[in-house]
Ligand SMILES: Cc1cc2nc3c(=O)[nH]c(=O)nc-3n(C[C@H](O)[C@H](O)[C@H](O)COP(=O)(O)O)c2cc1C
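The form predicted alone is given below as one chain in structure tokens.
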Amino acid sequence: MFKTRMTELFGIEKPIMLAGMNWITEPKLVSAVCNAGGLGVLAVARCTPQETKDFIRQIKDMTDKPFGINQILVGPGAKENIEVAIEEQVPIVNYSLGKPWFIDDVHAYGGKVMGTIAVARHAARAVSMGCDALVVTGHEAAAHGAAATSMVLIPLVAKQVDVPIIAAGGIYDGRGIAAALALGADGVSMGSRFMIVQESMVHERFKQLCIEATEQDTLYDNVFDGMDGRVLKTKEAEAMTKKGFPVVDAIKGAMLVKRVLNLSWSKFVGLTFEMMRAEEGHPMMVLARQAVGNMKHMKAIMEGDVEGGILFAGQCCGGIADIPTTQELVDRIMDEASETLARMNKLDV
């Protein structure tokens, strides 16, 4: 048992969280992380409400440990997916981008709400709204970290709030956990490292690309899905940074999203305008790029298309060298964290 405020709040054994990643963190991987002692998180933003319910029930069949769901609040189906999570009494609800209107409903059945932020000034506000914990995402992370690195961001947030902090961005081993704890965090969230385990559905070609990558082999830009984000350096990712606005691809991507989420035309158009009016307003260009990014992301994950696909991945890919089981990975990381902390405690100060 490795006790921190994170483990005590969520009722887990180890201060490790699986970052919610669309099309990747599905029941098999979520339950594997839970059964290894960490916190598995199901990403549901790409799901219909029925898929969300089905996946939640699959996880319950595969583990008796606490788990969570992750939902971006300005996306299509957000309200419905959150309502499903509340109906199913999911222990932890993790959100990003938007106002969490559901906090009292989650607290009513004993659940916890966890906000994801990438800018320090958003931390206190999230806590004031009732968040029980925060995921704080540094620039090193896959997808949507902001400008500040974890080294800077974690201590800043730790000074502002008194809830458990989960550090995200650049963490892939036990030394990273020890460093995060030293910076003021109570645990860590890992995405890229958990993409490269045996239970992950990421295509083997892209798993191998991640293993071969160095810490220099990612690209950070807003062209991948309309928001500043980080992807693995591939031929297509590099080409996207040099192209203009992808009109044809945007239309194809939008139709793909409509089909995957089973949206009627009226619902599709209505949600587009709803997203544009949101507090973190998404202009049409951002929505179009999101559609393109989703399409290319699916090509990478499901088809292993190294020519036309992109994969959101962090700088820590440079430190990933194998494809263990989830249990093997978690055990190894926790052993290394314990050894690192023990070594630090022996320093003369």
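Computed from a prediction, not measured in an experiment: that's the story for all the values here. Throughout, we count residues from 1 along the sequence that is shown.
Note that the form predicted in complex with the named molecule isn't included here; everything after this is about it.
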Inset, instruction - Note which of Met295, Ala32, Ile56, Ala43 lies within 4.5 Å of the named molecule in the predicted complex, where distance is taken over heavy atoms; exactly one does. - result: Ala43
Inset, instruction - Identify, from the list Cys131, Val84, Ala143, Val93, the residue with a heavy atom within 4.5 Å of the named molecule in the predicted complex. - result: Ala143
Legend entry - Heavy atom contact within 4.5 Å of the named molecule in the predicted complex, the stretch among 176-184, 161-169, 119-127, 215-223: 161-169
Legend entry - the named molecule contact in the predicted complex: Ala19, any heavy atom under 4.5 Å: yes
Inset, instruction - Answer with yes or no whether Phe67 is in contact with the named molecule in the predicted complex, where contact means some heavy atom within 4.5 Å. - result: no
Inset, instruction - Would you check, heavy atoms only and a 4.5 Å threshold, whether Ile24 touches the named molecule in the predicted complex? - result: yes
Inset, instruction - Examine Ala36 and determine whether its closest non-hydrogen atom to the named molecule in the predicted complex is within 4.5 angstroms. - result: no
Inset, instruction - Determine the residues of 160-199 with a heavy atom within 4.5 Å of the named molecule in the predicted complex and present them in sequence order; the list may be empty. - result: Ala168, Gly169, Gly170, Ile171, Ser189, Met190, Gly191, Ser192, Met195
